[in-house]
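To begin, one chain is listed below as C-alpha cells, in the form predicted alone.
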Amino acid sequence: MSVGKCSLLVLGAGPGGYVCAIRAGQMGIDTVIVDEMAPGGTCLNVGCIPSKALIHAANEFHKITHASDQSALGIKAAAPTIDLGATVGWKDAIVRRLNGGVEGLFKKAGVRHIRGRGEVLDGKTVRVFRDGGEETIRTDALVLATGSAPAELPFLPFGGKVISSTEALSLAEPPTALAVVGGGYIGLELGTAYAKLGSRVTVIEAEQRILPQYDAALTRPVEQSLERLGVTVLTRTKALELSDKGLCVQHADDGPSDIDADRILVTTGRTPRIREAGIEGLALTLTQDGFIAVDDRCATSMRGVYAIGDITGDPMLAHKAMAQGELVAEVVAGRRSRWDRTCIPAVCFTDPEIVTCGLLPDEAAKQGFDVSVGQFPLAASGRAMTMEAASGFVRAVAERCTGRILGLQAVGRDISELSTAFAIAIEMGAVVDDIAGVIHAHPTLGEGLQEACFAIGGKTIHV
C-alpha cells in the first residue's frame, strides 16, 4: 500500500468534480481526482448526453416514419426501420469521445486522475482501491462530488423488467409496451423517445398533471404532443406492484387495474450518494431533506471539506454542479468567492421543450412582487412556422414598477437554445426595455423574447 499527498482531492469525476479539478489544476493547485467510473459522472455516461443522443435519434426516426403520411413539405420516404443496437453504439461512441476529452483536460491542467473506488477515512484522508491494490492519500482540502443515483421503489425494485433511466439508455430494442412510473422530466423525455421509436407508452403520475413543477400553460403543449404520439397519461394514479400483465396501478377514484408492460421504467426521483464511500462516517450536518448542508462557499460543517452537485440538493442539474465546482476551486485557491447566482436555468427536453429561468408568474406573486406578464405565441413566429414548430410561446415576467425581469419561460421545439439569453438577461439585471431595445436577428426563435418584452408594454409588433 502506498501513501500519497496532495493539496486538493476531489471524490467523484462528474460535472461538478471534473470542473473543480480542472479549474484547480489551472490555478496551480496540486490536485487529485478519484472515481471508479469513466470521467463525466452520471451526466456524461448515463444521463444528459446519452439521453439527448437517444432523443435525437428518436426524433429523426419519427420524422422519417411519418414523412409520407403527415409531411406538408412534399417529402416522400419508404417505411424506415431502426437498429437500436446500432443507435446505442453511436451514442456510446459519443460518450467515449467525451470521456477521452475530459481525461485530456485533466492532463492539460496537471490533474492526477485515479480510476478507482475511493473511501473517505476522515476529512483529510481517502483510501483508493484499484487494480487489486490500494493507495492512501492525505489531502489539505477534500471535495465531495459523488452525485446521485436513481431512486428505487421498495415495491418495484430494479431488476428484470423493472429498469432505471440507466438501463433505459442501453436497451437492445424498443419495448413493445413501456410503462413509465413518474411524469417528471426524466420519465417524459425517455417515454417520448420510446413512443417515437414505436413503443406503446403509458405514463403513471401520482399528481394532478405531468411536470407539476411547471404551471399548466407551460405543460399543455407537452400534453397535446403526448396525445398526438399515442402516449397514455394516467394522472392521480399510483403504481402498486408487478402483475402477470405488466403493472398493477391504482387510480385515485377507481380500484386497481392492470396495464400492459414488458418494461417498467421507474423515474420517481434521485437519491444523493452520501451513504457511500465512507462519507456517512464524517457525520456532516444534513439538510431537512437529507442532503449535505453547505454554505455560500460550498463548505460543509467540517473544516476543509466541501460538497458540490447533487449531494447538496436541488436543483440536481449538471450546470449547477459545474458552477459549484468552479467556485470551490477558487475558494481553495484562496480567493474570496461566494455563491451569488440569481438564477439557474432549467430545460426539459420533451417535445416540445420547456425552458425556465428565474421566477414563474405564481412564484413571483408569492414572493410579494407586483408583476407584469408578457407572452408571445410561436404561432406568430415566421421562424417557428418554417420549422413546423408553431406550438408554444415565450413568456416574460417583470416587476411592474421597475420593469426588472424576474423570470423568463418558453415552450417550443428547439427552444432550449434560448436558455443562455434568458440567464444572461436575469443575471445582468436587465429591465424589459433593455431586451425590447436590442436588435434581434430575423428570422429566429429569439425574436419571441423581444416580443414577449414588447407585450409587457402593450407594444407587440407581430401579434
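Numbering starts at 1 and runs along the sequence shown. Computed from a prediction, not measured in an experiment: that's the story for all the values here.
Keep in mind that the form predicted together with a small molecule is not shown, yet the notes after this line are about it.
J.: Tell me which of 271-279, 72-80, 101-109, 373-381 has residues with heavy atoms within 4.5 angstroms of the small molecule in the model of the complex?
T.: Heavy-atom contact with the partner occurs in 271-279.
J.: Are any of the heavy atoms in residue 197 no more than 4.5 Å from a heavy atom of the small molecule in the model of the complex?
T.: No.
J.: With a 4.5 Å heavy atom cut-off, would you call residue 191 a contact of the small molecule in the model of the complex?
T.: Contact check for residue 191: no, nothing within 4.5 Å of the small molecule in the model of the complex.
J.: Going by a heavy atom distance of 4.5 Å, is residue 43 a contact of the small molecule in the model of the complex?
T.: Looking in the model of the complex, residue contacts with the small molecule include residue 43, since a heavy atom lies within 4.5 Å.
J.: Indicate whether the small molecule has at least one heavy atom within 4.5 Å of a heavy atom of residue 417 in the model of the complex.
T.: It does not: once the small molecule is placed as it appears in the model of the complex, residue 417 has no heavy atom within 4.5 Å of it.
J.: Since exactly one of 432, 34, 406, 58 fits, which has a heavy atom within 4.5 Å of the small molecule in the model of the complex?
T.: Checking each option against the small molecule in the model of the complex, the one that comes within 4.5 Å is 34.
J.: Looking at 91, 113, 124, 319 here, can you tell me which has any non-hydrogen atom within 4.5 angstroms of the small molecule in the model of the complex?
T.: So the residue touching the small molecule in the model of the complex, by this definition, is 319.
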